[in-house]
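Given as structure tokens, the chain that follows is alone and in the form predicted alone.
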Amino acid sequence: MSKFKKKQGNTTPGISTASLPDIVFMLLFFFMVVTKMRETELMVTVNTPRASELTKLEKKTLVNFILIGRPTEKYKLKVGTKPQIQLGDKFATTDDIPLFLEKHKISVPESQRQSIISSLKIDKDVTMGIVGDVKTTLRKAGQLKVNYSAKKRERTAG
């Protein structure tokens, strides 16, 4: 006869891991369906300049992006090699900017329309002529909040 007795009724059963692969695959399919991929294809090459004083835009839904740069290899035969303006997923001219701004304004709740920002992503090798035309058109359309996109400059030791 042993001095110690095993307790038989108080043990908890082990957790079954048989359904774990099912749960993992359900999560994988969920994220595959819900994830939103990039809406627009980059049709212009944009290598933004570097800057040291940057602020991050908080609400991306309030930002409309205007890209200015040279067409990518895929589009050079169609539109040439001169710098182009890309609004959304198409090439545009400065005359198309007011309509682009209105379409974006309609998609934003009325209470937040005063906070809409136009972000200019401009290739660092583009001349200021086309940029000046875009800025003038933005001003005439009443879009006075303008942001210039840039990459963070690495700090040099010294």
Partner chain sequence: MAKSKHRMKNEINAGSMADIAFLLLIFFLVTTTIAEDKGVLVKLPAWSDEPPPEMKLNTRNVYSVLVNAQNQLLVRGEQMQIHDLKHNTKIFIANPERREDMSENPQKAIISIKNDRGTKYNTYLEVYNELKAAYNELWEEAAMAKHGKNLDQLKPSQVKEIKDAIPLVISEAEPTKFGEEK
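Since this is a predicted model, take the numbers as computed values, not measurements. Positions refer to the first chain, counted from 1.
The form predicted together with the partner chain is left out here; the points below concern that form.
**Student:** Answer yes if any heavy atom of I122 is within 4.5 Å of a heavy atom of the partner chain in the model of the complex; otherwise answer no.
**Tutor:** Result yes; I122 sits at the interface with the partner chain in the model of the complex.
**Student:** Please run the contact check for F91 against the partner chain in the model of the complex: heavy atoms, 4.5 angstroms, yes or no?
**Tutor:** F91 lies outside the contact set for the partner chain.
**Student:** Tell me, yes or no, whether I117 is in contact with the partner chain in the model of the complex, where a contact means a heavy atom of each within 4.5 Å.
**Tutor:** Yes, I117 sits close enough to the partner chain in the model of the complex that at least one of its heavy atoms falls within 4.5 Å.
**Student:** My question is simply whether K60 lines the interface with the partner chain in the model of the complex - judged by any non-hydrogen atom within 4.5 Å.
**Tutor:** The answer is yes: K60 has a heavy atom within 4.5 Å of the partner chain.
**Student:** Which of these residues, V108, V126, L101, M43, gets a heavy atom within 4.5 Å of the partner chain in the model of the complex?
**Tutor:** Answer to the contact question: V126.
**Student:** Though the partner is not shown here, which residues of 52 to 88 have a heavy atom within 4.5 Å of the partner chain in the model of the complex?
**Tutor:** S52, E53, L54, T55, K56, L57, K60, F65, in sequence order.
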